[in-house]
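Consider the single chain below, provided in structure tokens and representing the form predicted alone.
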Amino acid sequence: MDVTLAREWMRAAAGAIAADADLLTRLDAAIGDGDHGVNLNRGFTAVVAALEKTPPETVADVLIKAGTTLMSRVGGASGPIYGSALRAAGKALPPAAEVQPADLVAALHAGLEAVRKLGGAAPGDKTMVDAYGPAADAFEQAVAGGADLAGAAGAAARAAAAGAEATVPLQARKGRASYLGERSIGHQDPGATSTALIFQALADVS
């Protein structure tokens, strides 16, 4: 992955979130406060603008700038959580204009650890971790098996989508949805859904 591809990933993520903003909002309205789609759409639109205004020189800088922008522009829990994930991923990368799939394995796991540390979520809690965790593991396994970036990103996207769908029968144990108790069962988690969109965006541009 070079800087151009990293920027394309963020643009593709912004486009995917914009296209599905209404879906994310509907999912969030069912078990949250109904602003997930609006907030993320605003945040990723700002990310694209920030990356165009001051083009980063390294892949790490792309992710760090994207994360910093989300943290400053997105309200609610989404900004800090997604922003922390991208910043941690960027900081785990070598300061180079191009990074290898093995570098991205470490970066993805660093981002996941940041999410878990910030929100305290574990697998099965009906959060974005349920999509992000399987995606990071699938990416790592694909790279270990010799896959290139496109192959690993495709595997990660499929795992994230499956993880998001698997949140439907779960009872939320973290976040606003946890206040609903058993009433959170039967709804797909919006954070896991947007996470799957971001991993699909990476697969689309790789």
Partner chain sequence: MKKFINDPADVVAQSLAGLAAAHPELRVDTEEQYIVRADAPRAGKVGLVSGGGSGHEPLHGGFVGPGMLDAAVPGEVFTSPVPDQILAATKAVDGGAGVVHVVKNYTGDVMNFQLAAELAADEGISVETVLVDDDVAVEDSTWTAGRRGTGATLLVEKIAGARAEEGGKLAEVAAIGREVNAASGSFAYALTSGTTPAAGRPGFELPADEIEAGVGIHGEPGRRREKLRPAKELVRSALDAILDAKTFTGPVLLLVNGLGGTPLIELYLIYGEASAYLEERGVAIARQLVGNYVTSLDMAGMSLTLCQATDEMIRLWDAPVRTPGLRWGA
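Given the structure is predicted, the values throughout are model-derived calculations rather than measurements. Positions refer to the first chain, counted from 1.
The same protein also exists as the form predicted together with the partner chain; that form is not shown, yet it is the one meant from here on.
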- request: State the residue from Ala166, Val48, Ala147, Leu180 whose non-hydrogen atoms include one within 4.5 Å of the partner chain in the predicted complex.
  value: Leu180
- request: Could you tell me which one of Leu112, Ala77, Ala97, Ala106 places a heavy atom within 4.5 Å of the partner chain in the predicted complex?
  value: Ala77
Residue contact check: Asn41 to the partner chain in the predicted complex, 4.5 Å heavy atom: no
- prompt: Hey, in the predicted complex, does Asp33 get a heavy atom within 4.5 angstroms of the partner chain?
  reply: yes
- prompt: Are any of the heavy atoms in Leu118 no more than 4.5 Å from a heavy atom of the partner chain in the predicted complex?
  reply: yes
message: Under a 4.5 Å heavy atom criterion, is Ala88 part of the interface with the partner chain in the predicted complex?
response: no
- prompt: Looking at 156 to 164, 169 to 177, 58 to 66, 133 to 141, which lies within 4.5 angstroms of the partner chain in the predicted complex, counting heavy atoms?
  reply: 169 to 177
